[in-house]
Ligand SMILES: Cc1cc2nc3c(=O)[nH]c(=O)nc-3n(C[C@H](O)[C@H](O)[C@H](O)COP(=O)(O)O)c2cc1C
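In structure tokens, one chain follows: the form predicted alone.
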């Protein structure tokens, strides 16, 4: 895969699907167990479009107070077909990825999330961040609330798109934000709202979910609760 000026054009997203919105809503579920199979670049493209896609003019796939669109989505790529490992920022204009670093930051993000192994094991992690500055400048005290709401819109769109693609994901909010920012190397004024690991699921998903949760509880007890 060749990059031009550190950017890569993503495959065009599909605008129609065989699955209905109602089906996607009922299928949506927090899933933590993923196979070792890589994601395709088309799947990643579709997820990013759902979360922050440009629809024409300045309009995007999620509502935004004042149309400031302060949400930014980063991608930590570990196992994605036709995409080298590394950290990328999604650029809605042109639907592209901007390469930040070739270093795989997934392990650092998992460490920031208190060892949540579904973050560490995922072939991709989408990170939803926000920049309060423009929104706060207009809406003052209410501005931060609006940006937080917008992060929720993006996360829900991604969750529903993952369900439509038969992929597993969840919204991880339990993490040390300072460590997450360090892993992403983003500005201090920006807020990290969600880590969203994404991966392919198993046929015996319920069984695998129980296994990965049990493994995590053992790690949590051994590494993070030992001094409590």
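Residue numbers count along the first chain shown, from 1. Since we're looking at a predicted model, the values are computed, not measured.
Just so you know, the form predicted in complex with the ligand exists too; it's not on screen, but the next bit is about it.
Screening 55-63, 29-37, 160-168, 199-207 for residues having heavy atoms within 4.5 Å of the ligand in the predicted bound form returns a single hit, 29-37. Among 50, 184, 192, 172, the residue placing a heavy atom within 4.5 Å of the ligand in the predicted bound form is 172. At least one heavy atom of residue 116 is located within 4.5 Å of the ligand in the predicted bound form.
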